[in-house]
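Quick setup: one chain, the form predicted alone, written in structure tokens, and binding and motion questions come after.
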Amino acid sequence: MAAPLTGPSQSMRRLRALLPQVLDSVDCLLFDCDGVIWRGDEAIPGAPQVINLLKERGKRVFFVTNNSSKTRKMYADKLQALGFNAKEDEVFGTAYCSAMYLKTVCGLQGGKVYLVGSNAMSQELEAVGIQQTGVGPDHIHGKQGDWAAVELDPDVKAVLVGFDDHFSYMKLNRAFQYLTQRDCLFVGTNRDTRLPLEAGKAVPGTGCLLQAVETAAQRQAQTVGKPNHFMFDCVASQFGVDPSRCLMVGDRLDTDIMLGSNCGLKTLLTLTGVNTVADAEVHQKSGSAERQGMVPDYYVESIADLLPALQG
């Protein structure tokens, strides 16, 4: 059963309705992926049934992830392989959303992107007609004077930073050299500093790479991923969803729950990933208006807790 978080800081949103009533109040559900519907390459037990039953009940379901290492199609293929009824156009990852941001918000026309990122990001950029350069290793050579005079592509009009397992000093330097041109756009996929793994382990996330580039360039990037409202804007503009009839489901307070708060969505924290109820209570008691945005309306142990209401 979903339990509401209540208290003085949430006096305007004391939602004590039972889970069936909560589900009846929404037409659309947005799910984070890792830690919510799967861990690594395995589905959270019961998650495929929940997603599939929601759709059978006529709910719209979307998948929103800050991970930029896969294209929409790659995510759809993974979802389907794990037993989820999912389509490519229901997936909104930062590889796709960054391409859309550069095309629609930045109005990038006729210029290239210097990409610190993955092949998936390259594919999503090219799918919307944006050329890129930079994918793959960039090994260091020469001396410092050579690094400062590194060859740059004159057609590059933007730097985009996502997760890049080939990140190197030369890539950092090349991004910095482009960004010394003040009219060069600067965009990052997300600011997640850690990628959680199994058994409580983690590795550095995209936010670490982005901060390195920002520090070198002495400029701050516009970020596309959660909790930035642009990810929800992508969903809303394409499917015409009503924010007041949407529920954001996630395991991270600073990205998933904050996205919901930023966009006027109901929020549900699942405890199968990063954050705990205790974490939310610390934000709730902080007295900080910004941190109140990280307090979810509801929490569940796992999204499998939705099964009884859906099967009834």
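One rule holds for the numbers: they count along the sequence shown, beginning at 1. Only a predicted model underlies this, so the values are computations on that prediction, with no experimental measurement involved. Heads up, when I say rigid core I mean the largest set of C-alphas that superpose within 1.5 Å between the two forms.
There is also a form predicted together with another copy of the chain; it is not shown, and the following applies to it.
Student: Taking the partner as it appears in the predicted bound form, which of 105-113, 81-89, 138-146, 125-133 has residues with heavy atoms within 4.5 Å of another copy of the chain?
Tutor: Comparing against another copy of the chain in the predicted bound form, the contact stretch is 138-146.
Student: Is every one of 244, 258 and 292 in contact with another copy of the chain in the predicted bound form, taking contact as a heavy atom within 4.5 Å?
Tutor: No, because 244, 258 and 292 lack any heavy atom that approaches another copy of the chain to within 4.5 Å in the predicted bound form.
Student: So, residue 176 and another copy of the chain: in the predicted bound form, are they within 4.5 Å at any heavy atom pair?
Tutor: Within the cut-off, so yes.
Student: Is it the case that residue 183, even though its partner is missing from this view, gets within 4.5 Å of another copy of the chain in the predicted bound form, heavy atoms only?
Tutor: No, no contact at 4.5 Å.
Student: Would residue 151 show up as a contact with another copy of the chain in the predicted bound form if we use heavy atoms at 4.5 Å?
Tutor: Result no; residue 151 lies far from another copy of the chain in the predicted bound form.
Student: Residue 218: heavy atom within 4.5 Å of another copy of the chain in the predicted bound form?
Tutor: Judged by the heavy-atom cut-off of 4.5 Å, residue 218 is in contact with another copy of the chain in the predicted bound form.
Student: Out of 235, 76, 195, 156, which one falls within 4.5 Å of another copy of the chain in the predicted bound form, going by heavy atoms?
Tutor: Answer to the contact question: 195.
Student: Since the partner is left out here, which residues of 195-232 would have a heavy atom within 4.5 Å of another copy of the chain in the predicted bound form?
Tutor: Heavy-atom contacts within 4.5 Å come from 195, 197, 201, 202, 203, 204, 207, 208, 209, 211, 212, 215, 216, 217, 218.
Student: Core-aligned, is the CA shift for residue 238 between this form and the one not shown 2 angstroms or more?
Tutor: The answer is no, as the C-alpha of residue 238 shifts between this form and the one not shown by less than 2 Å after core alignment.
Student: After superposition on the rigid core, does the Cα atom of residue 181 shift by at least 2 Å between this form and the one not shown?
Tutor: It does shift by 2 Å or more.
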